[in-house]
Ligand SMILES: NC(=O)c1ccc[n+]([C@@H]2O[C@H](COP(=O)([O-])OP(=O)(O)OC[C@H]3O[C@@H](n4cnc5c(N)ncnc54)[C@H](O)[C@@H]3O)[C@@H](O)[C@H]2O)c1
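Read the single chain below, which is given as structure tokens and is the form predicted alone.
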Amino acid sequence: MKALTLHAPGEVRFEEVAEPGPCEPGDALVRVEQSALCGSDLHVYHGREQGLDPKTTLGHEFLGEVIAVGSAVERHEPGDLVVSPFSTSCGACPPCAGGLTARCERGQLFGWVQNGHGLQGAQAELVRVPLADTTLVAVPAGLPHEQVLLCGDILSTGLFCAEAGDVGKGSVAAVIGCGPVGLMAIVGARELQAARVFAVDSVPERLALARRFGAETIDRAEEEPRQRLLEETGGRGVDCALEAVGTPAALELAFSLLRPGGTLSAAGVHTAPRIAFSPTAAYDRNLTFRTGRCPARRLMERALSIVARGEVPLGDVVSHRLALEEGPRAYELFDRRLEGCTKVLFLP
């Protein structure tokens, strides 16, 4: 089969790889209808996250048709249309029982193979799904597939970021970064009944999307975000800062926008060796800081309910729909934000 593989930092290839197959009784084999390129794929693309074996198949967002199942699979059968979170989970271990499905004791990330062990990714024609019964979610009839695909990662991550940020009815939230996850954090904050959601970025196309998703926007190229938000909040600062970039500068900005006693939720994947603010600074602001991998499987049903209501144009986050063979170009477009690129879907 054909797949996108990473040979070295910056070197993605479209090439022939071995077909997967159900290897364990609990596995399913899925023919990929749609997969996506995620911002976290850029961490391995640039070599900021290391350890990935060369020639690993990339990608962890996908929707498709079950074509084979192992003998122990009970909830899915060939012909079912399913969507997957970006990591597998058993649903029974202590982390799963506590809602932290992303830290399942038996779980694996799609698209991460290290020292010969791990799980190949979904930017491919076929993908193997271990723990299929407790990982895969059936796609409800009648929902737009492109929007359902978002539930397995970025929409769930946006919800998690808002949840971890203590967004609630009447709160004022600021979202730092209007890439795909930041846009979904806006959706999450609105879902949790924030009174006002501000979105900070400097890319005009992303700010326009943020407004369509329900945010009041702040263009960093035109005004200073802290000063604007102090004015908007009577000098207090925001209740919740939702950081969706993954850089020290973004984290530092998020910290600066908070009122005393506020909550900073970092959905961005941070690879810097240190946090951008000191323990003393956090102490002096009575800051609550939360970060970590999204337990997407726990949040997927709620994400699907957002899709079903149809109140937000979620599909507008997708700027490019490309054949899998265009993958190397897609990584360049996404990385460099060329051609107004916000989110790429691959159609194998």
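For every residue, the number given is its place in the sequence shown, counted from 1. Keep in mind it's a predicted model, so treat the numbers as computed, not measured.
Below, we turn to the form predicted together with this ligand, even though it does not appear here.
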Problem set entry | Contact of Thr56 with this ligand in the predicted complex (heavy atom, 4.5 Å) | no
Exercise. Can Cys38 be called a contact residue for this ligand in the predicted complex at 4.5 Å between heavy atoms?
Worked result: yes
Problem set entry | Partner contact for Arg337 in the predicted complex: this ligand, 4.5 angstroms, heavy atom | yes
For this session: Would you please decide whether Arg293 lies within 4.5 angstroms of this ligand in the predicted complex, comparing each non-hydrogen atom pair?
Result: yes
Exercise. Heavy atoms within 4.5 Å of this ligand in the predicted complex: which stretch among 126-134, 90-98, 140-148, 170-178?
Worked result: 170-178
Seminar exercise, completed: The listed residue (Ala276, Val269, Leu230, Leu81) that reaches within 4.5 Å of this ligand in the predicted complex by any heavy atom is Val269
Seminar exercise, completed: Answer key: of Gly121, Gly246, Gly107, Gly237, within 4.5 Å of this ligand in the predicted complex (heavy atoms) is Gly246
Problem set entry | All of His320, Ala330 and Pro348 with a heavy atom within 4.5 Å of this ligand in the predicted complex | no
